[in-house]
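Take a look at this one chain, the form predicted on its own, written out in structure tokens.
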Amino acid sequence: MTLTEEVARKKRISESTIHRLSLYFRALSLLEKEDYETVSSKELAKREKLTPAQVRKDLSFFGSFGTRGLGYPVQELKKRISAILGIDRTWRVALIGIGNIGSALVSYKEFMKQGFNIVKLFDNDQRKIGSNHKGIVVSDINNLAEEIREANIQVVIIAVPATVAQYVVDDIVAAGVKAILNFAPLNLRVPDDVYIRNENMSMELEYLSFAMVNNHTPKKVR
């Protein structure tokens, strides 16, 4: 495959496909624990309420998997999806904002299992700066850009108030970070070459509220 063909292929991969890869990875992890050696596209699809054709199409973006009539080797497919998702390595992560959400995220053990290693914490509260939080010393947010560069941070999680979130993001971008997970309740402006994901829990609860009030049964999108 030429470089041009590879770029074109990557552009065709939708966010929905990437999300489904995460679902497949989790399903394969469970199958591995259940001592499955192989799994068919039908079984994988059934577990995630998809169609076998969708599973095969998603995987076809990334190469050839499994053997017709025999299915996919569970461990091998899990390993390959792990590499595709980039969770077969360790990422150095900084978390900014040690409030209720930030503290909960530091304690979230799945981050470490997936290779996301939180190594730096930042806050602007003088009572927290210099303290040891879950084994990590909290740094002053005023030194954000410099310390991010020195620590070779690759991913940043933001859990700060909306009023300061854009200023924080600007410093992060200036430090050269290309991947941001945002828990502040607004959409932030970043350059085109910076990847940002927004997690707005209030909006998700509002959606659930709407569904209950209006007896709404949405079409499931994976």
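Just so you know, these numbers come straight off a predicted model, no measurement behind them. A residue's number is simply how far along the shown sequence it sits, counting from 1.
The same protein also exists as the form predicted together with the DNA; that form is not shown, yet it is the one meant from here on.
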Partner absent here, but in the predicted complex, which of 171 to 179, 188 to 196, 153 to 161, 34 to 42 has residues with a heavy atom within 4.5 Å of the DNA? 34 to 42
Residue contact check: Ser29 to the DNA in the predicted complex, 4.5 Å heavy atom: no
At 4.5 Å between heavy atoms, is Phe183 in contact with the DNA in the predicted complex? no
Against the DNA in the predicted complex, would Ser16 count as a contact residue? Criterion: heavy atoms within 4.5 Å. yes
Whether Arg56 contacts the DNA in the predicted complex should be assessed with a 4.5 Å heavy atom distance threshold; does it? yes
Scan 56 to 90 and write down, in order along the chain, each residue with a heavy atom lying within 4.5 Å of the DNA in the predicted complex. Arg56, Lys57, Ser60, Ser64, Phe65, Gly66, Thr67, Arg68, Gly69, Leu70, Gly71, Tyr72
